[in-house]
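The chain below stands alone, shown as structure tokens; this is the form predicted on its own.
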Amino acid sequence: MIYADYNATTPLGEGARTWIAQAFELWGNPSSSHRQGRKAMELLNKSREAIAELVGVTPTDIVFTSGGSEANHLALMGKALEVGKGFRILTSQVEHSSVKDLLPLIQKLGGEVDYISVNGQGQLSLSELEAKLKLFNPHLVSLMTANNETGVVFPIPDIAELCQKNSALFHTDAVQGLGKLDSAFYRSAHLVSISAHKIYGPKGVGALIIKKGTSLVATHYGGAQEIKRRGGTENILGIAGFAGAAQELMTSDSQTISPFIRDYFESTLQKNLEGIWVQGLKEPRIPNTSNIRFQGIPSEVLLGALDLEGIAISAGSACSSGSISPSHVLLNMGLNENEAKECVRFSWGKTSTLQAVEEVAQKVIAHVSRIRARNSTKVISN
């Protein structure tokens, strides 16, 4: 099998395995005051420190959640509930579904939503953002660090500066940026969502970074855990795995993802196929992601053909898998429904070798050529 779907999830790394094994021996509740509870609390604190070091924040800024989606919900709903009716949020049209699908509920509760559009490359306009900050006067701005489907990176430091200038709270979903971009790029936000399973940690655990002085209403009740910011007994196994992945990321050169593999893959396809387009090609992107449209070929057809070859790719966000609707990200970039349904995503990781990338490229070329010949598809030049 050749795995090229690292944006969906990553395999469990050795660092995570080692820390999880340690956590298996500590079965006490970290909120308990006896010895077993204290040992669990020690591991919880040690884990919090490791993740804080990776991101470059204070350990008490970290609130553990069940994943990136819950972290996004805590950021948005936590502020919406605090402000109440009349809450205003400014976001983009290409956010992750955990943000996009929450907005109707915020509106139902009396909130207002406005959007920043993106261009054909998936990038937003800072001038439009600045204008809407002044006209809409949002309580919260929520803009992702890197798009999970296209890899396009938003100018987070510039956005943070504009939000600060206009007294708006800034949240960024940095789930796809963690481990691929220097944390200094996105940690200037007041609220930052991250997740373990994108950096070779376990699924089902993430965190919302809440900078000191930023207030939110808790959305989970049931205890005083996480300094009363997220009730419920902490997932020690998952949190320890998150910390192990974070520590390995900081200490291993092999974790670094080079854009060379992505660029080699794209150029190989472009040299051998007509009628293909790389989404976001002209904008900054995280170094592992290619979203490519193959004219005349529905994404599920190419996915199925490659799956039979033992090659794993996707048609977009894993959180939207099974949906028959075209990607909202691609539609808002200006593609029509048919064009959006011709796009597939390749995302590489630390175990991706040049040999594997070359094999995937050749298989793609062969299948695209075969399918087009069978269907007598006429393509236009790139």
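The first residue of the sequence shown is number 1, and the count goes up from there. Every value quoted in this text rests on a predicted model; they were computed, and no experiment measured them.
Absent from the display: the form predicted in complex with another copy of the chain. The rest refers to it.
Engineer: Only one of Glu234, Glu95, Glu266, Glu283 comes within 4.5 Å of another copy of the chain in the predicted bound form by heavy atoms, so just point that one out.
Structural biologist: Contact check passes for Glu234.
Engineer: So which of Ala160, Leu102, Ile276, Leu302 reaches within 4.5 angstroms of another copy of the chain in the predicted bound form, heavy atom to heavy atom?
Structural biologist: Going through each option in turn, the one that passes is Leu102.
Engineer: Taking another copy of the chain as it sits in the predicted bound form, is Gly222 near enough to touch it, meaning that at least one heavy atom pair lies within 4.5 angstroms?
Structural biologist: Yes, contact at 4.5 Å.
Engineer: Please check if Gly310 has a heavy atom lying within 4.5 Å of any heavy atom of another copy of the chain in the predicted bound form.
Structural biologist: Gly310: contacts another copy of the chain in the predicted bound form.
Engineer: Taking any heavy atom pair closer than or equal to 4.5 Å as contact, tell me whether Asp61 reaches another copy of the chain in the predicted bound form.
Structural biologist: Outside the cut-off, so no.
Engineer: Flag Gly334 as yes or no: does it have a non-hydrogen atom within 4.5 angstroms of any non-hydrogen atom of another copy of the chain in the predicted bound form?
Structural biologist: No, Gly334 is distant from the partner.
Engineer: Among 133-141, 73-81, 163-171, 114-122, which stretch has residues with heavy atoms no more than 4.5 Å from another copy of the chain in the predicted bound form?
Structural biologist: Selected range: 73-81.
Engineer: Judged by heavy atoms and a 4.5 Å cut-off, are Thr91, Gly206 and Ala361 together in contact with another copy of the chain in the predicted bound form?
Structural biologist: No.
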